[in-house]
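Given as structure tokens, the chain that follows is alone and in the form predicted alone.
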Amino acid sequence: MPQRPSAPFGKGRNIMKFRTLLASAVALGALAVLPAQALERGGSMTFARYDDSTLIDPVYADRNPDIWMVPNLYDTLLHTGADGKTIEPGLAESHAVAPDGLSITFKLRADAKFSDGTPLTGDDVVFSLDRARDPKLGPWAGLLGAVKTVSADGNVVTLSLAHPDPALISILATFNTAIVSKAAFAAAPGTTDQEKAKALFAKQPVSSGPFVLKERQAGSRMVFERNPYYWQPGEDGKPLPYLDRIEFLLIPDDATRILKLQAGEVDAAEFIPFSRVAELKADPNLDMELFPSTRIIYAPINTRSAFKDGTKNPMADVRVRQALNYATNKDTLVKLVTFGTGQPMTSLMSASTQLHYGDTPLYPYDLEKAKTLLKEAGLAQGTKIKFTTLAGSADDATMFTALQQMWSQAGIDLQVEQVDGPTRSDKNRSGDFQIHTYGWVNDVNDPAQVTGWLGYYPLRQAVGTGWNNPEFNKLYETSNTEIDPKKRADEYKRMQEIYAAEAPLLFLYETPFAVALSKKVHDYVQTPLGANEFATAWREK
């Protein structure tokens, strides 16, 4: 994933603490290198995962268990800061955008090396980015669609663009633009790019990130060891990572992951069910972390004038959509579904997303206002609305039961339709639904991805809702080439205002990433995009 904080924002040694210590050291005339404090180098930790990685490759990673591991093996030109929003130097120690926005130059670090000790060069960057933007290869090539050419002159790499792309800087801190070794890739067995990628992964690939893949038993375990040539310094002035070794164990069952953590058989477990968070918070041997996330849960509302069967759609009236939002007690849903760990949505995007606008929950519960809006819209008491949910989903079942009770007080008779995931997706694509459950996590730390998905009509008809707002569409198109940060921020502010007022969604809630760790483990980072990052993690011996 695209984020690699230079210091963690998890427990203990956060970036603000580091900067405070640094300021104190400077004020006292101390040496530039800080004392190691309680930090301990070496050793290993064991991490229990909910799913296995199948191919950790920047171009072909398309499942979260693969995507979220890429930054441990492959580094990017730029990193995302600890706040999840700023951009910091990575393999490129500096970069400059041309005044017309049509080219970007990067100066590579002279000390950057691959895990086999060979220097990382401009040719490796050209090879990696050309591979990443090849539409015949991975699913993420479109992210580099503005790039015309990539060239290198010594340690200076230049990207020439067909048009300005303000999202490109964030994309160059994203997993799919990570740098691989051109020579190692060429030497891998196989005749096609995908065959070589699979062969390289199977043979413990040469890495540019903080770790190397040492062992792997598909469907069971995976072992990473530290890359002895990694360039980034830690808090003690020596190269990261601190750990010598990480063992990943595949334990899909939630209860088993937690049992092994409580028994001390593993040091950390991810995707803790929200229903167990309070229990683990009370465990004196554990740190129950709720990492900031870009995950949002919402319900697209069909805004077309008629449903697929030709009947009139009352939700085409914006007043009805606003009323449904006012009739929904989001605080109650947060308590029921997330056990109080979530928070109501304040925008179409999560509060962790760049250019997010909005500091208060959208449509706070107001039953009387909902009734007034429905009356103004001429909606008859007892109007039936069908809510499509995922069969077998406990969260969806809880949500439907709560909404049925809430909306009945406003005169809405909510009916349930339970389907499987593919059927729900088909219904969304074809517009054959009234309102249904959905969720989202950013893959890129830029608002363009989530905004385009949820609101831009030419792209999947605004997440299937059929909502089509010319002003919003125009602002989105303009923002995609706007190189003035202030103007772009203003455009995003206006888009979020329009979207909130038009309510093509039932705005529900954000949820964190829940990871429980032994108190001996420090500074593990789970980014707002979901990436598991171990470069700064360390474990008491």
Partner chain sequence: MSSLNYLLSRLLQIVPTFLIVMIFIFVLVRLLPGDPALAMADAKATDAQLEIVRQSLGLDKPLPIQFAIFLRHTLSGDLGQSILMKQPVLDVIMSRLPATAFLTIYSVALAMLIAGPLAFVSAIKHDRPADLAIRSIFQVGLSSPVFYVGLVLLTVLAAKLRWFPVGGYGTSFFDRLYHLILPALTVAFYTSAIILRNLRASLIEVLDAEFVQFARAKGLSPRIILTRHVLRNALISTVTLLGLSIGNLMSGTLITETVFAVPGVGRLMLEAIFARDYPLIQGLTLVFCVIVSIVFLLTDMVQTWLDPRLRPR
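Predicted model, so just to flag it, every value in this text is computed and none were measured. Positions refer to the first chain, counted from 1.
This next part talks about the form predicted in complex with its partner chain, which is not shown.
The contact residue chosen from 98, 255, 187, 416 relative to its partner chain in the predicted bound form is 255, the criterion being a non-hydrogen atom within 4.5 angstroms. A single residue from the set 40, 482, 62, 490 has any heavy atom within 4.5 angstroms of its partner chain in the predicted bound form; that residue is 62. The partner is not drawn, yet in the predicted bound form one stretch among 400-408, 90-98, 375-383, 211-219 has residues with heavy atoms inside 4.5 Å of its partner chain: 211-219. Taking the partner from elsewhere, residue 265 is found to have a heavy atom lying within 4.5 Å of its partner chain in the predicted bound form. Of the heavy atoms in residue 420, some are within 4.5 Å of its partner chain in the predicted bound form. Although the partner is absent here, residue 198 lies within 4.5 Å of its partner chain in the predicted bound form, judged by heavy atoms. When contacts are judged by a 4.5 Å heavy atom cut-off, residue 438 counts as touching its partner chain in the predicted bound form.
Residues of 457-491 placing a heavy atom within 4.5 Å of its partner chain in the predicted bound form, in sequence order: 459, 460.
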